[in-house]
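We begin with a single chain expressed as structure tokens, specifically the form predicted on its own.
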């Protein structure tokens, strides 16, 4: 079995029938006020004999962070936005909960000795450095921040090879693949098939896409997600990112990973094996299951959510993605073939472009154009160091912003 694959998946620990939860796991929730973060806290609340939220980290939503802290009583509550720190400190000082703010405090918190598992539930590049800190400290990671592997997959896998950390995916698609691979020989994998809903514009014409607004794009047909991920789903760049993430997470050759549009969002992903068999994981479009599976280190824990009735979904359909209407999906194979800092450029340009689209500063189709122009402009580095990723991210954001200003 491939060593890197073993490091990441830890099949032995997954199939150990004698595995017993014998202590309360201390959880750090990075992005506690977001969609994944709040659902993670749902699971912690339902399983107090298994989990405790010992560190809560939020971006800028200090009011919700205060509410969560008063309810869950963590050891630490940290706000990334330093301008909100005084409000956090004053609210929690009587409780004895330690408070802090800023990126350095977040990075340092990932190394706290009491933490067993870090849930990386932030969106975007901001999740990279805390993930690196947690890996170096040997913490297990429930990975919901796909950008960690998209931006620096090779670097992350190199760090994992030297660490006691295990990474279990939280994204529904990668959790599905993870579950399908339990007990299987990695050498028998023929294809990983990642499903996509197709987003709100699946049936739109190219002409219609030129006129859609952010309000239109935020109406996802199946999933309730944050604004940035919802826009990525609409452009299908989210699926490109998931292909890149799967390449590093499962150590699979890029040509063995593909996406298929599945409008019902019931089949979360599939694995095809060399004998022609295909295994799939099915479930309602809800994140409680993959989160609980990751928190349990691949031990199945009741989520408290209603079970799916197959009779309610008599028709499940699949179709090829339309790469002409949604060219962002093609950026996955481009980035994997190009390697180096290409995916870092794509991610940084996209984060700036999506924010501009959400604020009605550019059109929907401009997102892909800005990414491509950034790839043409920003220096390509074939073997980037961590510092190279940081510099690439900064330079790309500045260039993408200059393009947006010209459009305006």
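Numbering follows the first chain given and starts at 1. Being a predicted model, the structure only gives us computed values, none of them experimental.
Just so it is clear, the following notes concern the form predicted in complex with a small molecule, a form of the same protein that is not shown.
The partner is absent here, but in the predicted complex a heavy atom of 226, alone among 263, 226, 200, 327, sits within 4.5 Å of the small molecule.
Interface residue among 344, 371, 28, 36 relative to the small molecule in the predicted complex, by the heavy atom within 4.5 Å criterion: 36. Stretch 144-152 is the contacting one of 329-337, 308-316, 144-152, 273-281, since its residues have non-hydrogen atoms within 4.5 Å of the small molecule in the predicted complex. Residue contact with the small molecule in the predicted complex: residue 121 places a heavy atom within 4.5 Å of it. Among residues of the shown chain, residue 80 is one whose heavy atoms approach the small molecule to within 4.5 Å in the predicted complex. Within 4.5 Å of some heavy atom of the small molecule in the predicted complex lies at least one heavy atom of residue 57. Heavy atoms of residue 251 never reach within 4.5 Å of the small molecule in the predicted complex, leaving it off the interface.
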